[in-house]
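Heads up, the chain below is alone and in the form predicted on its own; it's given as structure tokens.
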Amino acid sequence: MTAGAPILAARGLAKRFGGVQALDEVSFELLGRQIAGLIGPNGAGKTTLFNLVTGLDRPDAGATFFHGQDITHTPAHAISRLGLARTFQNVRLPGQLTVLDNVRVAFHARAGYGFLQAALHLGRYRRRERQISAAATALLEMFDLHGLGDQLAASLPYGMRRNLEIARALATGPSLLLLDEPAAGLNGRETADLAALIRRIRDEFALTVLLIEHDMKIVMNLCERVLVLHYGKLIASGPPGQIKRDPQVIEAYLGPFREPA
């Protein structure tokens, strides 16, 4: 990828469900190491856009490019291997696995050894397993989950399960991380901690982050660019200061906007 080239580019994405036009010719670009927000009313098409980009759904028209590669019709598991990870609005974790094993399983997507080496516990397998365990433990510490590795994921409170889901996504080695309403259900302190964590993730892992969020305080304080969807159309795109003054955005979604405290 050349300097300044977009890490993700959507070109005219469209998706209809029955009589509802969920997305209507949406185009945008994201640059490397950018934190961007995707906002809009419920039903605006935000999660549909995530599903198209990550291969869970197929567009009726348009194309998606990741690092310059057309991934429009690439299966979701293959897109994940290319370095695009996401979380979901409703936390999705294998609750029967321990906290540590949840992250270890995600690392195994890029373990680098074959079935025979694993079955026979050959040297490369043992070395890689030690590396995976150490890396998984480091991620748990980063997300304040250290000391909880042996607990079942299902036993964690909601905020911790949300953090574990993000840790699992990072374990797949992404260059682009999509977060679907990461602050949902969090209190004010937890939301502030989340914003700091997202900045740290971007800096330490050299990631681009795109998040769907309804909490305008976190969007305006955290994001460097904001995309606004309304009835499936992208009605605005730009820095937060520009977005909160945009007449279309004010009418469609924000209303009179007060500066975050």
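Note that the structure is predicted; figures quoted are calculated from it, not measured. The first residue of the sequence shown is number 1, and the count goes up from there.
We do not show the form predicted in complex with a small molecule, though everything after this point is about it.
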{"property": "Residues Met220, Ser237 and Gln248 all lining the small molecule in the predicted complex, heavy atom within 4.5 Å", "result": "no"}
{"property": "Region of this chain that lies against the small molecule in the predicted complex, out of 189 to 197, 65 to 73, 203 to 211, 34 to 42 [heavy atom, 4.5 Å]", "result": "34 to 42"}
{"property": "Any non-hydrogen atom of Thr54 within 4.5 angstroms of the small molecule in the predicted complex", "result": "no"}
{"property": "Contact flag, Ala14 vs the small molecule in the predicted complex, heavy atom cut 4.5 Å", "result": "no"}
{"property": "Proximity of Ser133 to the small molecule in the predicted complex, heavy atoms at 4.5 Å", "result": "no"}
{"property": "Exercise: Gln89 in contact with the small molecule in the predicted complex, heavy atom 4.5 Å", "result": "yes"}
